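As structure tokens, one chain now follows by itself in the form predicted alone.
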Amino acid sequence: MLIRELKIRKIFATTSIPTIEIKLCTNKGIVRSSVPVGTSTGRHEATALPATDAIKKFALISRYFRAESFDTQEDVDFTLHAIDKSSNFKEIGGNLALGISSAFFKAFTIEAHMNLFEYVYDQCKPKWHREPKEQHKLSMPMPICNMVGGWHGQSDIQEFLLLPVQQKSFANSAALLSEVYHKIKKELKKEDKSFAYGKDIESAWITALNYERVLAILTKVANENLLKLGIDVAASGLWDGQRYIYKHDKLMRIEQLNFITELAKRFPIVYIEDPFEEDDFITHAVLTHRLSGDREGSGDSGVMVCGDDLYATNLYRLHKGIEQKSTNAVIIKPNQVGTITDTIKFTQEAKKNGLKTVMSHRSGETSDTLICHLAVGLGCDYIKLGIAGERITKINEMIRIEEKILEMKDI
């Protein structure tokens, strides 16, 4: 594939933080790829440069991509790693690497005359995990949606999430979660006299209620609507090197373990993300073992203990977690690792080892819907999204993808 034009521009994420967009032109068409910005970022993520610095780096390295003809995505991403030999793209920036990588990926899709999700599936299905590849068909992941934001209210827990018990269709799940989002608003207004319909940067409701009262409200709403609860503790943000620092408490590792375990027993929580700091593989493993029994609505793996900062979409860290049985689920964020090839390899390895896979947005998003197509094409079990505001861009893209899959089945 020959490149006619490759450009970069500064645009803005949903948090109004500058980010970058790559424009790539071939003889077959024009594609654009923009890169989200994380707010709660782990130490093990690929380095993201400020947008202005990424643009300067692009001026230095873009000739490598304009002058060459690339046949595969692996060729493109190998070139990115050859230019920046660091393990975390600290020289050119993981955001610039992903912008270039994903732009080429979209261009290859145009060359193949396929939908993007279809191209992902076509490129990856020979490498699926333990089951024969003919058993794998395109299907829709279930949504995990951020309903109430904690860190901007009185709770130390970063996100309070809801997800379906089962899914008839993604469109139905999205409609239900959207309806429940407004029910939660009414419940919060009843319980929290200071509630002013405020929202956080992911359009989750902000409340002054503590975590127990928030979980009680979500439990009531969930039970009425065949939903289950999830929490993102984002515990690395609470860890001071010795203890987890809450507004009204300080917990040692074992106390944090017991606290999270008790929450899972008291409330219908089936998804727990980052319950411990990002280098604590062992305590993650203890919690996973504790909560691994069968539980209604959670499938065959019990409560999902999901690693985000623990893994940072990094294959080396995933192997360490698999060896220690640290979690039974993983978050996948392409901008944590910097290339499409690395994202695919990470997802395939997680699936191969029986871990639930959760493709995820970032707090500072763009209108780019690449993660929707990756989630479907890679056969992810879940996709983590918001349910309101600009997050609807991705919800609506998932609905469109589902319609296309149904049309393909009818042919």
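All values derive from a computational prediction rather than experimental measurement. When you see a residue number, it is the position in the sequence shown, counting from 1.
There is another form of this protein, the form predicted together with a small molecule, and it is not shown here; the text below is about that form.
State yes or no: in the predicted bound form, is some non-hydrogen atom of S40 no more than 4.5 angstroms from a non-hydrogen atom of the small molecule?
Answer yes; at least one heavy atom of S40 falls within 4.5 Å of the small molecule in the predicted bound form.
Just checking whether E277 would be counted as a contact of the small molecule in the predicted bound form - the rule being heavy atoms within 4.5 angstroms.
No - in the predicted bound form, heavy atoms of E277 and the small molecule never come within 4.5 Å of each other.
With the cut-off set at 4.5 Å between non-hydrogen atoms, does E202 touch the small molecule in the predicted bound form?
E202 belongs to the contact set for the small molecule.
Tell me, yes or no, whether D84 is in contact with the small molecule in the predicted bound form, where a contact means a heavy atom of each within 4.5 Å.
No, D84 is distant from the partner.
R317, K333, K106, H284: which sits within 4.5 Å of the small molecule in the predicted bound form by any heavy atom?
After the contact test, the surviving option is K333.
Please identify the residue among S33, S363, T347, T366 with any heavy atom within 4.5 Å of the small molecule in the predicted bound form.
When the small molecule is considered in the predicted bound form, the option within 4.5 Å is S363.
Pick from 72-80, 157-165, 95-103, 245-253: which stretch has non-hydrogen atoms within 4.5 Å of the small molecule in the predicted bound form?
Single hit among the candidates: 157-165.
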